[in-house]
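Below, in structure tokens: the form predicted on its own, a single chain.
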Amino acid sequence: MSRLIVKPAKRFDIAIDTIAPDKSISHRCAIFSLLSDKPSRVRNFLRAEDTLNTLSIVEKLGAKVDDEGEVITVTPPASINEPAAILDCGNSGTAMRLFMGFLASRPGFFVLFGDKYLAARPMRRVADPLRSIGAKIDGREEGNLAPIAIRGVEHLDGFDYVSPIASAQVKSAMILAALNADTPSKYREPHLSRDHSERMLKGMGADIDVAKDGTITITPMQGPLQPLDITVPADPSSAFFFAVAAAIVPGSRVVLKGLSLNPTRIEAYRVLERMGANVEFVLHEDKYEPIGDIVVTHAPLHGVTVEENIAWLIDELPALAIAMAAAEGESRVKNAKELRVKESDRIRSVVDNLRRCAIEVEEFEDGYAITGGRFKKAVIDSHGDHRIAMSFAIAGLVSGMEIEDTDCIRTSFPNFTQLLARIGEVENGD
């Protein structure tokens, strides 16, 4: 089990143009390519364990994948293969949940599995609504835990589904199922979650309408969709670690280049701006996704309450907790119970590790309250969660930190440690 030792850093002023490509969009590029009958071309695909696992699953389902370095070309099969082996999703809940929606209406038998952390994550939130429209899905705890077995059917029923949670993964799974349903479907969620699937599928020609009240109407495909021809933007969730670094290291500035500026992906930057950091958004292009740069400059931070648009910043909350712990006054996170079913129970992981760092924090069922203070160097337990590991590595830039079980970082951000080393001294250990 690897560990990462981070030493305190001095002020920095850097531009970063090698942020990891967007993980969510990379997963979707691989899966959505199966909806066409022509080759899809994907530039800047994320080469991390999770997304490469998704690409491998696409191959096992019959696609031909040509990796030319700059461009990955995915040629879909005439029909989906029934694989002889299990489909390994690694650590990715996105892959498992989206494949559940896609495979539920494809004839064949499929088994989805992953690592020990993914095997503990809840899947009934996808399995139950899919089974209600005719999908045949099973697994441990009545389909709640992997391995997930799917007996695909030719067509599913159209639906009018109101989700109890705002989740891009649940929504995407249901949209994929609806595209191969017998009749049009409607999907509603309590708040708008990240909308990459809707944007990308509409760009491929899918008949998906999003009403002003948020109701999504999906008309079944009448034939194959158009192939993708896309450059994956840099991941604003990954870049956010370095936004926090600039915000908490006095005198610092960072220019984060080529990011998705999708409004559902930059909410954490808006919160950082509310806390007092100087944040600038510079739009360069807008095709499948708005893309541009984000500039973050240090300024004194103050406490803030975060309780709205939680689905838009759920992945960034651990890093945002580091900014809150460095701010003056109290900060609160509410309505974020979804954090408890991520790669780890991120509420508990954040609370326990902040306490190790001598930060005062109170835990609630749906969030926490953090009183800003001075970080103390500590040994951090990542719980195998890449976002916990990277968040506390950023905290190490002000106090020094030792993070255990950091192999998980490679699942989403392979060059994180290299970029961190541009700011401060970093050591890898066993």
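Computed from a prediction, not measured in an experiment: that's the story for all the values here. One-based numbering along the sequence shown.
Below, we refer to the form predicted together with shikimate-3-phosphate (S3P), which is not included among the displayed structures.
- Query: With the partner absent here, would R97, A166 and I314 each sit within 4.5 Å of shikimate-3-phosphate (S3P) in the predicted complex, counting heavy atoms only?
  - Reply: Spot residues vs shikimate-3-phosphate (S3P): full contact, yes.
- Query: Of the options H302, R356, R340, R125, which one has a non-hydrogen atom that comes within 4.5 Å of shikimate-3-phosphate (S3P) in the predicted complex?
  - Reply: Only one option qualifies, and that one is R125.
- Contact test in the predicted complex: S24 vs shikimate-3-phosphate (S3P), heavy atoms, 4.5 Å: Residue-level check for S24: yes, a contact with shikimate-3-phosphate (S3P).
- Message: Counting any heavy atom within 4.5 Å as contact, can you tell me which stretch out of 141 to 149, 290 to 298, 89 to 97, 269 to 277 lines shikimate-3-phosphate (S3P) in the predicted complex?
- Response: Looking at the other structure, the answer is 89 to 97.
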